[in-house]
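Heads up, the chain below is alone and in the form predicted alone; it's given as structure tokens.
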Amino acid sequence: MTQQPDPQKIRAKINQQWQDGDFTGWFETLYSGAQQNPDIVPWAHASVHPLFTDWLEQNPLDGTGKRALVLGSGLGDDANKLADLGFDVTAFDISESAIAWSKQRFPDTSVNYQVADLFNLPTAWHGQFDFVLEIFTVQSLPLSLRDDALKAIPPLLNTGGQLLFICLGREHEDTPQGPPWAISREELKQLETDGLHIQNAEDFLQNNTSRRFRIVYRK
């Protein structure tokens, strides 16, 4: 009989990694420990993220002849959706298990799923993408890594490219409790570099309870 994943043991191991200063390796601990049970991964919908689906309904995309990149691609649903829209999609996650899981879930996909680290992305990716998608990845990293995480994103876009950034929102003076740690608009100014500027910004409550920022940047 296959042993079922134990959320408490996974959490204990992750807590130890945090105490040891390992702020990125815990993603692999979570995905591998989940044993392909999406219920163990707190942010896994096993479907396209609803805040991305909602945005697409208001902002239809035609990816024909264009390239897209998905940051922290998780189980792969958002990346696969972009491929369905015609994009040539690259999607990366730091977790080898997450990438293997994505490939298993979408065996016939055209998405190029890769294991990669946001803090050490291939320089060949710079200036290559017409559309970059970031949903809830940066907010899962501690505040000490936030600026570097945000600064890694703008160079990926080509001229005219768009970034869709979705996160938990907060006022800058409020102390975030996490993980995940909500992001302030002041912090997000780190994205307004390398020619990137805000095209549209939404600040709203999801389900009337949790504040969200959904911002489109253009280069």
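Computed from a predicted model, the values in this text were never measured in an experiment. One-based numbering along the sequence shown.
Below, we refer to the form predicted in complex with a small molecule, which is not included among the displayed structures.
- Using a 4.5 Å cutoff between non-hydrogen atoms, Thr90 does not count as a contact of the small molecule in the model of the complex.
- Taking non-hydrogen atoms only, Thr24 approaches the small molecule to within 4.5 angstroms in the model of the complex.
- For Asp147, no non-hydrogen atom is located within 4.5 Å of the small molecule in the model of the complex, even though that partner is not displayed.
- Contact between Phe136 and the small molecule in the model of the complex is found at the 4.5 Å heavy atom cutoff.
- Comment: 41 to 49 is the region of 59 to 67, 41 to 49, 185 to 193, 154 to 162 lying near the small molecule in the model of the complex, near meaning a non-hydrogen atom within 4.5 Å.
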